[in-house]
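Presented as structure tokens, the chain that follows is alone, the form predicted on its own.
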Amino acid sequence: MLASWRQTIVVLLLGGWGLSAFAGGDAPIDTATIELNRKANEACYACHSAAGIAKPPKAGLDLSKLKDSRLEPPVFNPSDHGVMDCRECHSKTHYNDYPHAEAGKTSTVGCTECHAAKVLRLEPQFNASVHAKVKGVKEKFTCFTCHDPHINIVQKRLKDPAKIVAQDNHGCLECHNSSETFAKFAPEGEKTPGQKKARPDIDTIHDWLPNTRAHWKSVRCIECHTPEVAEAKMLSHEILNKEKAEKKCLTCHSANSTLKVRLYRHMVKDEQQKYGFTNSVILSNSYVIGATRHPLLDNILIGLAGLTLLGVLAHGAVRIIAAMGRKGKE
């Protein structure tokens, strides 16, 4: 079972590409391992799904509390954790019996169990984040606050910019566009001790930004609310407040748009320069100055401009020579 667990984690870290992955010195991981895990998960779906709640597998079960813990295979299976047995994170000790033991609610395995190196690298970034600096808020945050392990797909696998934007912005807007969710994390108001801080209206805060809602559909909040990290394999987890956030339009809307190394960084080079355009992948999704630049067309236009200038100079030279010839005859 331990070998199977290690193989599953490797499949997870490699984005689910189990057909050609190896777990150290273990046998290659094939689809059989994934299918075995998904077969085991069917016992979970027997309750934790719309069909399970409608028709419980066992008489007398109170499924009224499962409203917030429903999951469907078409949603979970494509996710990064969709290759795993649910019980790898939800302890077998507490989840093998029905109904589950009360202790099971607090026995979920933490992200550091599998992602220790990544968490170690990201923790200092989060500690510098606006979410960590506000009194009483840091303690309420976990990885799950922004990243849903049952749904999320890493950017490298998702690839489609529109899907990446929708997924990542959902994590931000779910709180900052919902007074109910915001209240769960909100600190006490500076001017109203004992009362939770009211959620600032995000449209008002972003009133300097033209077509705010259109931006949220085209780019992620973190494009402006995280610092740029040189040669980083992943974006920073240091969320910047409104004073430090990027407000220069040309940071994105220019030929050297930062979107190339952020939102579009996992698009292959050929795709970024499709048909010779400098930023073709951006051209089809966003308005970016210079995205329509094509080196061949540039050279042709420069050549035409050069020929035009040469023609004007030649025409002028001919007229001067002709005028001098007429004066000589007179």
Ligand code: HEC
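These numbers were taken from a predicted model, which means no experiment stands behind them. So that the term is clear: the rigid core is the largest set of C-alpha atoms that superpose within 1.5 Å between two forms. For every residue, the number given is its place in the sequence shown, counted from 1.
There is another form of this protein, the form predicted together with heme C (HEC), and it is not shown here; the text below is about that form.
Although the partner is absent here, residue 193 lies well away from heme C (HEC) in the predicted complex, with no heavy atom inside 4.5 Å.
Although the partner is absent here, residue 134 is a contact residue: one of its heavy atoms lies within 4.5 angstroms of heme C (HEC) in the predicted complex.
Residue contact check for residue 281: none of its heavy atoms lie within 4.5 Å of heme C (HEC) in the predicted complex. The shortest heavy atom separation between residue 108 and heme C (HEC) in the predicted complex is within 4.5 Å. Although heme C (HEC) is omitted here, in the predicted complex all of 44, 48 and 241 have a heavy atom within 4.5 Å of it.
In the predicted complex, heme C (HEC) lies within 4.5 angstroms of at least one heavy atom of each of the following residues of 123-150: 126, 130, 131, 134, 137, 141, 142, 143, 144, 145, 146, 147, 149, 150, in sequence order. With the core superposed, residue 70 shows a C-alpha displacement of at least 2 Å between this form and the one not shown. The two forms, fitted on the rigid core, differ between this form and the one not shown by less than 2 Å at the CA of residue 40.
Residue displacement note: residue 261 has its CA displaced by under 2 Å between this form and the one not shown (rigid core superposed).
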